[in-house]
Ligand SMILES: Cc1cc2nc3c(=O)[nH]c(=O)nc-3n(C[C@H](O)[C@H](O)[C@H](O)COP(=O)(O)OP(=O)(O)OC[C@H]3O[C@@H](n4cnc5c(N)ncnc54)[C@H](O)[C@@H]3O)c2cc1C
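The data below hold one chain only, encoded as structure tokens and taken in the form predicted alone.
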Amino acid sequence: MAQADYDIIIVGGGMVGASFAYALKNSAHKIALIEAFDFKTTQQPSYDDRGIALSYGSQRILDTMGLWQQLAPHSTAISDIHISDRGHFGATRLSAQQENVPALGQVILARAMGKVLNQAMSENTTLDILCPNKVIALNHQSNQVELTLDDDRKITSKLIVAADGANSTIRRLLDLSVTEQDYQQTAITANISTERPHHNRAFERFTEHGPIALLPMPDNRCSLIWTVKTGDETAINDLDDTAFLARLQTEFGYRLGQFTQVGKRGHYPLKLTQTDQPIQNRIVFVGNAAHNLHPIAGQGFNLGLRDVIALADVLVDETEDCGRPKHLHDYQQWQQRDQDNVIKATNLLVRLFSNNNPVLGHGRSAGLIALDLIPPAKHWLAKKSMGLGKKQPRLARGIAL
């Protein structure tokens, strides 16, 4: 068998795939990254104007990787998180000061993060970037995987890392099944200006149709993720700006005073999608290609980032074959519990808070009050939201690879 062209091929150059490539920048591996969208255009769907909530744990990871210095000027710190339930008493407040951390997290536009990641990748002379290119065929061979690109090139690798999103091409080519839960909800996204300063507070406001999240941004703007019943998004997005803001005000309330301005709006359906077999022969799925979550707790990219640093930790010191079954088994053993816990917690929150059951409503209200009054419970919630676990890869512990 001929020598493989690469040790690792990453399919997908969004935030997760690019982060994995950069995490291994100091390794001896020969790596290629395949991306369908030209990085020089604005078409890359991962790099739009959505606000990305980075947990404190993710900020530490990006700092250890050497990226935070470039990301920091584009970010806004989250000093407090206010959690409430519309129509019920009770709220919980998480505070960076109480948790003894500089910030609970950071908010950054996906577009700004994309520019930093793309610049970092372009400066990595050991990384081959094949862009714009699409994978059109996949062939398992005895000691490697062969990919056929849309320009008819054939390239081989000892390991394929599929970071190509919820509609993964690699998953489709392998004809893998997925487990899917359709929440019958749609997220409306926009940037909002408010009358009162947000003071670096983030808000999670539960309603019977789903949560409303407002994340702090510069210039007293907030990044909005408004969950509505699927089918209602068209009528809401058809409203003019004044009517749209009035409708949002009715749902959210006046904790930030009047909503004064709204930017470009977008929307996307909300489903929980899990790849049933995320580990294949010489192939591993990470990020949204493995698990696409509801944004209710803002854990999507944070979990994907933890996926790739765990995988990088397993692979960085390998000197021969990155695709050995042992490596993929070690990665799965490491990350499976984290994935399962986040998916179960997110799914439970959606089911518990996205309804108008009066019994559950009173229970939620009592739970929020109790949580706010019990420091150990609140500390546990804050620790989980910050992405801090027990067994963490080196990059999460401040140790460079």
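What you see is a predicted model; the values in this text were computed from it and never measured. All residue numbers refer to positions in the sequence shown, first residue = 1.
Quick note: we don't show the form predicted in complex with the named molecule, though the next part is all about it.
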* Asked: Which one, 67-75, 202-210, 138-146, 299-307, holds residues whose non-hydrogen atoms are within 4.5 Å of the named molecule in the predicted bound form?
  -> 299-307
* Structure fact -> Picking from 189, 185, 157, 84, the single residue whose non-hydrogen atoms come within 4.5 angstroms of the named molecule in the predicted bound form is 189
* Structure fact -> With the partner omitted here, the residue among 323, 114, 165, 216 that in the predicted bound form has a heavy atom within 4.5 Å of the named molecule is 165
* **Close approach of residue 14 to the named molecule in the predicted bound form, 4.5 Å, heavy atom** => yes
* To do: Would you please decide whether residue 98 lies within 4.5 angstroms of the named molecule in the predicted bound form, comparing each non-hydrogen atom pair?
  => no
* Though only this chain appears here, would residue 349 touch the named molecule in the predicted bound form if you measure heavy atom gaps against 4.5 Å? -> no
* Contact between residue 287 and the named molecule in the predicted bound form at 4.5 Å, heavy atoms? -> yes
* Structure fact -> Those residues of 122-141 with a non-hydrogen atom no more than 4.5 Å from the named molecule in the predicted bound form are 133, 134, 135
